[in-house]
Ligand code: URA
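This document opens with one chain alone, in structure tokens, the form predicted on its own.
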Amino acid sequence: MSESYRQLLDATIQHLEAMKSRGVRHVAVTPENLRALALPVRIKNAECRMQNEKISAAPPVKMESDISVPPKKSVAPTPAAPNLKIEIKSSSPEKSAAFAALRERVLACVKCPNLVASRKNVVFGVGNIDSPLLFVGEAPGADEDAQGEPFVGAAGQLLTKIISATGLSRADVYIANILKCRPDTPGQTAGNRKPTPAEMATCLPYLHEQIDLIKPRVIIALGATAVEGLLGKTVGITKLRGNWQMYRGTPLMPTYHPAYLLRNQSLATKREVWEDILQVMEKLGMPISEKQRNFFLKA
């Protein structure tokens, strides 16, 4: 047995034993896990040591085996097709290649063991990588985790309508999240939780790389958590929305998350978001019709 093989075997056994001690009974053989196993041994050993240190220091986590669920749901599902079939296109072949390489690295990420153990898909992002407009949310929800694409649930459908109202489509813009994995919710069968500052800080460099490649002219931060993750500001989205900020040299417009609009469907709130969008359209030099300017105004 070669030394490299022995090191790889030891690291794998240590990682599996650590997962077993946390109550994990099923390990998904997913493409991202297989890609992770293909990493160089030195990198893998370092990652395994980091994961084991985090696991040993973390409090006990309630796993699926502690929850009353049908037996079929206890088996880790196979990743959905979107993570396997997305084609990245750009006017620059070099840019397409760089973005595809970044995506492969993100799909193989195992930096947050709790998120790796619970996710179905890594939600990298979707859209036009040459777009001047980038939307940034906080993290995937259940629908996004299942489909491997950001903003596909009810809030995502509303975001699509907002984009369409500007005269653009989802295919014309780029949509991403600060966190690429759905925050785990141990002990819960439904609902979402806010990403922790540590989780956002770990994942944020991936978004930085996306921004550096896309080079958008405007970023729209959707909701308080996205604003906190990007700007480090916790003063409240109601005070920040509608006021231009700068993020790494790019104008950033904070506005309400579409999920907030689903909960607060007053005409005044809808108008506030639309005024933020109008500012973005003006910044990008997009044509604005009189009809668009009058959206959500009282008759």
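One rule holds for the numbers: they count along the sequence shown, beginning at 1. Computed from a predicted model, the values in this text were never measured in an experiment.
What comes next is about the form predicted together with the ligand, which does not appear here.
Interface residue remark: residue 228 is not counted as part of the site for the ligand in the model of the complex, having no heavy atom within 4.5 Å. In the model of the complex, at least one heavy atom of residue 139 sits within 4.5 Å of the ligand.
Mapping the unseen interface onto this chain, residue 150 counts among the residues with a heavy atom inside 4.5 Å of the ligand in the model of the complex.
Only one segment in the set 107-115, 150-158, 208-216, 92-100 has residues whose heavy atoms sit within 4.5 Å of the ligand in the model of the complex; it is 150-158.
In the model of the complex, not one residue of 232-254 has a heavy atom within 4.5 Å of the ligand.
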